[in-house]
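Presented below, as structure tokens, is a lone chain in the form predicted on its own.
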């Protein structure tokens, strides 16, 4: 049976954040919401400092705390490893946000119709039209309204119903078409890999056989489907330079 997983190669990641941008465009996430975040870490003391980067999507845990606490079964794990949210069931209680140790959940305060409020300019402005030729960024991709998986649930990103919880979906709408998640497809240095980890012949399985891996907060027993290779363990002086915004302001 197919079991999807992601490998993050910290030796390759250069902190360009192309994965962050690709995710935001593909899933049309609201202002200040990032389903993929790249931590920028500084290790050492001046002048002997070193920068490193750590991409963090949803970990799609095999023992997901968010699934256990959802009172209505909106958050659930599929047999192929994807942990998704059924937007038609979600009641916005935000228990999953509290339970997740990775900080990947976001509550959607607004409807897609309010997307224009995220911009500080009007696309009807004559000066803007002169540059864009009247083109307006799309706010809703119809493919995200389709139902996915054997359960036929509406789980894809970009629907952005008001009052529901959202997070990285591993781009389920792309995966079910045989495509890679947007972040993986966009990474210019191949720091992200994705595929069936249960099939020994897939490129991701062959790669994993050659490298030692670790998981984030593996001591919690969440058993993430995202594993990391490479990198150097930070010293006691390591500190995060930029902290992610974990919640959108009303």
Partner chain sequence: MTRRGVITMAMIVVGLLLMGYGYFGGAAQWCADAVSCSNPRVEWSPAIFVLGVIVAFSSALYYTVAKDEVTDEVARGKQQ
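Model, not experiment: these values are computed from the prediction. Residue numbers count along the first chain shown, from 1.
There is also a form predicted together with the partner chain; it is not shown, and the following applies to it.
(request) Have a look at 187-195, 59-67, 200-208, 43-51 and name the one stretch with heavy atoms inside 4.5 Å of the partner chain in the predicted bound form. (result) Contact criterion met by 59-67 only.
(message) Considering non-hydrogen atoms and a 4.5 Å limit, does the partner chain approach residue 147 in the predicted bound form?
(response) Heavy-atom contact with the partner chain at 4.5 Å: absent for residue 147.
(request) State yes or no: in the predicted bound form, is some non-hydrogen atom of residue 151 no more than 4.5 angstroms from a non-hydrogen atom of the partner chain? (result) Yes - in the predicted bound form, heavy atoms of residue 151 and the partner chain come within 4.5 Å of each other.
(message) Taking any heavy atom pair closer than or equal to 4.5 Å as contact, tell me whether residue 174 reaches the partner chain in the predicted bound form.
(response) Looking in the predicted bound form, residue contacts with the partner chain do not include residue 174, since no heavy atom lies within 4.5 Å.
(message) Contact with the partner chain in the predicted bound form for residue 79, defined as at least one heavy atom pair within 4.5 Å: yes or no?
(response) Within the cut-off, so yes.
(message) Looking at 134, 178, 142, 73 here, can you tell me which has any non-hydrogen atom within 4.5 angstroms of the partner chain in the predicted bound form?
(response) Flagged contact: 73.
(request) Any residue of 180-205 with a heavy atom within 4.5 Å of the partner chain in the predicted bound form counts; write them all down in order. (result) Going through 180-205 in order - heavy atoms within 4.5 Å of the partner chain in the predicted bound form - there are no hits.
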